[in-house]
Structures are given as C-alpha cells and as structure tokens.
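In the form predicted on its own, a lone chain appears below as structure tokens.
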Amino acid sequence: MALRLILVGPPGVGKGTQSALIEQNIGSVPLSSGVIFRREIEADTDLGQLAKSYIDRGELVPNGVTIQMMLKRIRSEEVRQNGFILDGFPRTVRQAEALDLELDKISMPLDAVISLEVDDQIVISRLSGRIGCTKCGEIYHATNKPPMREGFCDKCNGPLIIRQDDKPETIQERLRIFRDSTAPVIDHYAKKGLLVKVDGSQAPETVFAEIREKLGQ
C-alpha cells in the first residue's frame, strides 16, 4: 500500500535519513524541498539565487514559490502510484492548508504526519559539525561521519564546505523560525488526528523501527 506521509521536525533532526529509510523499505517517494532548492542553487537558476538569499540568512523561502514547486511534484504519476514523504514541507500553517486542499482535490489524503522530537542542544551539536559536498550534496559530520580524506568527498572527490546555514549563529535562527512558524503545523495536524510523535534523539535505525511500529508496517 502506498503511504502518504509528512516528516516534521527542526533542522538536523534526521528527516532526510528517515525519508531514505522509508523509501527503501516501504516505497514512498521522498519529496524534499531542501534537495530541490539545492539543485536549483547549484544550477544558478533565478529560483536558486532567490532561494539561496533566504537560506543563507536562515530564513524560509516564500510560501508561493515553495507551494507551487511541491504541488507540481505531488501531482506526478510516480507519486500518485507510490505515495510520498514530504520533508521540509509544509513549514507553515498556510502551506499545510494549501496542501490539504490540493490533496483533497486529487483524492490523495495523508496517512500520517510524523513529528521527530529532539532537544535544541542535540540539533546544534549535530549541525555545527556538518560538512557538505559542493558537487554531489553528500553530507558528512566532523565527529560522527568524517570523510576518509579531509576536505574531499568520498563519493565524487568534490570539495567539502561548512554550509552557511550550518554555522552556529544561523542554526539558532533556524531553530527560532521553526518554533515560530513550523511548530504550529504540528498542532494543525494533531487536531486532524494525523500526528505521530517519535523520539528523534535515538540512533537512525531505532527511530525508523519506531516509525514502522507506529504506522503498522
């Protein structure tokens, strides 16, 4: 059965990791706004330049741009057949309401909204050591997942950098924005009876096992 899911949580909680595990084991298609924006940024498109200006300041990309991008992908035949995992969207109640309306129109209701719960200090520790490849986007961590050769990607040999939005001062701003703008999304879906809370501070495999159990998979 195709599952239609949303992963909600602060930056660094592991939404991307869990999306990949769900895809491998259940089949739903990951739809990450962050991945799509990074591709646009790397291609230096107008959309990429606009998105980068907001992301570098730790701010959210405007609603209109994000909503239209995500809804176009959701309507695709692949996603209709296999279901989806939304990662990084919706970030605001306005986006959630727009998504609800669209899914109702195309008869693709959500199965669950998974909230990955974790303390701020864990997020700061995880993100402040994160290193990204400028070519393929692979993510490393200075402590938890260092590259084999310092400064270079194991997969493509591209140069590694600390992203602007992973610097400590920007992380604090991203957490503030999450609390102010995205946390109300959790309340929105809790009222609809779709919310599933999972402890995101555990090892990735343990988090995924808890998700499967609560989804009845």
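One rule holds for the numbers: they count along the sequence shown, beginning at 1. If you superpose the two forms and keep the largest set of C-alpha atoms that fall within 1.5 Å, you have the rigid core. As the structure is a prediction and not an experimental result, all values here were calculated from the model.
Absent from the display: the form predicted together with a small molecule. The rest refers to it.
Contact annotation: Arg163 falls within 4.5 Å of the small molecule in the model of the complex, judged by heavy atom distances. The small molecule in the model of the complex comes within 4.5 Å of no heavy atom belonging to Tyr189. The closest heavy atom approach of Pro204 to the small molecule in the model of the complex falls within 4.5 Å. Taking the partner from elsewhere, Ile139 is found to have a heavy atom lying within 4.5 Å of the small molecule in the model of the complex.
Annotated contacts: Arg4, Gly193 and Arg212 are all free of the small molecule in the model of the complex [non-hydrogen atom within 4.5 angstroms]. Among Val185, Cys153, Val61, Val29, the residue placing a heavy atom within 4.5 Å of the small molecule in the model of the complex is Val61.
With the core held fixed, Thr143 shows a CA shift of 2 Å or greater between the shown form and the other one.
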